[in-house]
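Consider the single chain below, provided in structure tokens and representing the form predicted alone.
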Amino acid sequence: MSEQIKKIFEEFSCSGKFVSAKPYGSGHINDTFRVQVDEEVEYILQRLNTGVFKDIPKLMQNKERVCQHIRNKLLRNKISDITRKYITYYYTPKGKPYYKDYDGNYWTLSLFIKGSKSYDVIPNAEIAYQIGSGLGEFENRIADFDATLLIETIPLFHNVPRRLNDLKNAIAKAEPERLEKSKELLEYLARFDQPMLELQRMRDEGILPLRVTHNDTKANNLLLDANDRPLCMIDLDTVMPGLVHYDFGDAIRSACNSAGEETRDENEVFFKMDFFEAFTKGFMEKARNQFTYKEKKTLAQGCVLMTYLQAVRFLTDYLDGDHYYPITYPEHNLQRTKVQVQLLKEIEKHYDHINKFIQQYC
């Protein structure tokens, strides 16, 4: 494998001779390697999942455009050490920001940001604040970028009708045993089917503006420095047009789950209000001036929407035979669904407080 990685790495124009490579990160979708060379610099080499992402050239065009926009804004504002605050991609001699191997795999190479770190699990409210601040700064940096210049790398990614249709199709062909085990979860989630169409309607009618959104804002997609100060968002594969509710809601879903989405005991799950308040404070301090009044008035709905959608996606995959999310035991996706449903119940219970806290920034 190391020899294969070396050959792929050498297809890109960059400095240093290959020394070693090892798997890196905790992502589920792409294969990621940290590459060491005979110089101080290090790189991230990634094999993109063509089963999930159907148009890699356009995906890379999205990432390049967003990173170039951020770079230009940092330069205009005379920010120091800017290469630590956006992702630098490298090119092949043919001028492509990706390499396609003989097996049809697409690879990308980017600069590894030394001295950076990320958190799979947020340890305390201060880190929650910093992560909120980092996401808010990302939203601030891309607020003036025209979202229509980007393609949807995963079409209808957060589209409720699409996800419900996928669930319906999975139910129709599910094994009876899996369907029986999902019965109570399906009944609970069905309560949200109509209310969750509201943000989609406001998006379709132009009541909520279309923005550039990250669409995968879990905590470990933000890099921080050694002092836990935000550097930049990574994993931009899903950067595309969307609503700010997607980014905020998904971040809250990830940050405020006391036990994490992989816990085997959903009874350990509760909504960490102190993390929510700290994250929201950091986020709003950086980005609230970019949002419309209507966006801020409806932002709490994003917390419900994104938790509901993640539950639907996990359950769909379980009923469909576990083809999308990697699993480590037979009912892994069923358990993931139970965790999201428990978190959704917690968000329901605390919704008035969540909404009231956000409204102080209107």
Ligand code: GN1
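Just count from 1 along the sequence shown to find any residue number. The structure displayed is predicted, hence computed values, not measured ones.
The discussion below concerns the form predicted in complex with the ligand, not included here.
Enquirer: Given the ligand in the predicted complex, answer whether the residues K218, D235 and R313 all have a heavy atom inside 4.5 Å of it.
Expert: Yes: K218, D235 and R313 each sit within 4.5 Å of the ligand in the predicted complex.
Enquirer: Pick from F157, F270, F291, Y90: which has a non-hydrogen atom within 4.5 Å of the ligand in the predicted complex?
Expert: Comparing distances to the ligand in the predicted complex, the residue within 4.5 Å is F157.
Enquirer: Would you mind picking the one in L334, I29, V37, I56 that has a heavy atom within 4.5 Å of the ligand in the predicted complex?
Expert: Looking at L334, I29, V37, I56 one by one, just I29 meets the 4.5 Å heavy-atom criterion.
Enquirer: Against the ligand in the predicted complex, would E139 count as a contact residue? Criterion: heavy atoms within 4.5 Å.
Expert: Residue-level check for E139: no, no contact with the ligand.
Enquirer: Does any part of E266 reach within 4.5 Å of the ligand in the predicted complex? Heavy atoms only, please.
Expert: Result no; E266 lies far from the ligand in the predicted complex.
Enquirer: Answer with yes or no whether R253 is in contact with the ligand in the predicted complex, where contact means some heavy atom within 4.5 Å.
Expert: Yes, R253 lies within 4.5 Å of the ligand in the predicted complex.
Enquirer: Can you check whether E261 is within 4.5 Å of the ligand in the predicted complex, heavy atom basis?
Expert: Output for E261 is yes: heavy atoms within 4.5 Å of the ligand.
Enquirer: Quick one: find which of 93-101, 279-287, 253-261, 124-132 has residues within 4.5 Å of the ligand in the predicted complex by heavy atom distance.
Expert: Heavy-atom contact with the partner occurs in 253-261.
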